[in-house]
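Presented below, as C-alpha cells, is a lone chain in the form predicted on its own.
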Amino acid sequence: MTNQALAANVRARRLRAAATVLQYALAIAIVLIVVFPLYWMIISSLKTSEELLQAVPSLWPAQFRWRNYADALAMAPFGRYFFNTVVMTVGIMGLQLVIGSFAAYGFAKGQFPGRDALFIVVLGALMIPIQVTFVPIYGMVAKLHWINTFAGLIVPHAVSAYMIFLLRQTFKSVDDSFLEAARLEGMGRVGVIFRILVPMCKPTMMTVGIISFIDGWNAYFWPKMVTTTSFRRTIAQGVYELKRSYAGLETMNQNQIMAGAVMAVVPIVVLFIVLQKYILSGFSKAASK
C-alpha cells in the first residue's frame, strides 16, 4: 500500500471517528433538552417554598421535602381522580381499538363502492382541530344528560381517524391468502379480524393502544367541559386543583403542584419505557406500506 493510500485511509478513519463523536454529542444534547423539564419537575416537587422563591434557582434541592407529596394528596382527592382517569382512559382505548379494527378492515380488505373516497373523508378529519368540534359535541352530550358521567367522557372519543389510518396501513400489508384460508375454514369477518389480522399486526395494535392511553390520560380540555364536580374529574384537572395561594405570599404552592404533576406523569412514563419497542415497531410497519 502506497503512502498516499495509507494517508487516505487514515483520513477516512478520522472522518468516521469525528462523525461518530458528533452523532453522540448531538444525541446527548437532544436527550438533555428532552429530559431536563422532567428533571426540573421532580426536583421542584422536593423543594421547600422558600427555595423555589430564590432569585437564583438551584439544580438540586438543599433540603428534600417529601411531605410535598402527602400535602398534594391531602389537598385534592387524587384517589378519585386516578380512578376516573383509569376508567375513562381504558374505555376510550378499548372503543378505539375495536371500532378502529372494524373500520380499518373495511378500508383495507373490503370491496365496496366509494371505499377510497370514504377513506379520504376519514383522513380529512385529521385536518380539523379537535377544539372546533367541542361546542357541537358538548351540545349533544348535554342533551343526552351525559354531563358528569363516564359516557360523556368516553363516547365522544370512541373513534380516532389517526388510529384507523395506522391500522388500515398495517392491515393492507397482510397477504389476502391468510384471510382466504380463514374463510375456507368457516371463519366470519369478526373472526378474521380478531383471530387473524389483530394477532398478525400485534405491534401496531400495541402502538395504537399506547397512543390512545397516553392521549386519554393527558386529556384536559374535554373533561373540564363535561365535568362540573370533583366526582368525575380526571388527574389532569386534579393537578390544576392544587393551584392554591398561601396567605400573605404572592406566589402559589408550586412544590405541591409539581408533586401532583409527578404523580400524574409517572404511569405514562413507565408505560412508554416498558412498551417503547412496540411503538417503534408499530410505526415502522405502518409507514412501510
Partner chain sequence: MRERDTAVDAARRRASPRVRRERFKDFLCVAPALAFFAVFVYYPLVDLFRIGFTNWNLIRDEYKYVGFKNYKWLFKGSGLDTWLASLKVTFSYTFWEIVITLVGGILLAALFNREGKAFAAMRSIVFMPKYIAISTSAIVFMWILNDQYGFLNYVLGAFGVGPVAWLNSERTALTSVLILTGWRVVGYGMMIYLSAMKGISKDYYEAAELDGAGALKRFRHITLPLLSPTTLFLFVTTFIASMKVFQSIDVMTAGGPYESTNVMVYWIYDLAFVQFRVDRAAVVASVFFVILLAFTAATMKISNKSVHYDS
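Fair warning: this is a prediction, and the values are worked out from it, not measured in the lab. Positions refer to the first chain, counted from 1. Rigid core: the largest C-alpha set superposing within 1.5 Å between the two forms.
Unshown form predicted together with the partner chain; subsequent notes refer to it.
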**Prompt:** Of the residues Phe82, Tyr138, Phe194, Phe178, which one places a heavy atom within 4.5 Å of the partner chain in the model of the complex?
**Reply:** Tyr138
**Fill in**
in the model of the complex, the residue from Gly91, Pro203, Gly209, Pro156 with a non-hydrogen atom within 4.5 Å of the partner chain is Pro156
**Item:** in the model of the complex, segment of 169-177, 195-203, 67-75, 213-221 with a heavy atom within 4.5 Å of the partner chain
**Value:** 213-221
**Request:** Answer yes if any heavy atom of Phe231 is within 4.5 Å of a heavy atom of the partner chain in the model of the complex; otherwise answer no.
**Result:** no
**Prompt:** Any of the heavy atoms of Pro57 lying within 4.5 Å of the partner chain in the model of the complex?
**Reply:** yes
**Prompt:** How about Thr20: is it within 4.5 Å of the partner chain in the model of the complex, going by heavy atoms?
**Reply:** yes
**Message:** Just checking whether Val269 would be counted as a contact of the partner chain in the model of the complex - the rule being heavy atoms within 4.5 angstroms.
**Reply:** yes
**Asked** Does Met258 show a Cα shift reaching 2 Å between the shown form and the other one after rigid-core superposition?
**Response** yes
**Asked** Does the distance between the two CA positions of Tyr39 reach 2 Å or more between the shown form and the other one, the core being superposed?
**Response** yes
**Message:** After superposing the rigid core, is the C-alpha displacement of Ser58 2 Å or more between the shown form and the other one?
**Reply:** yes
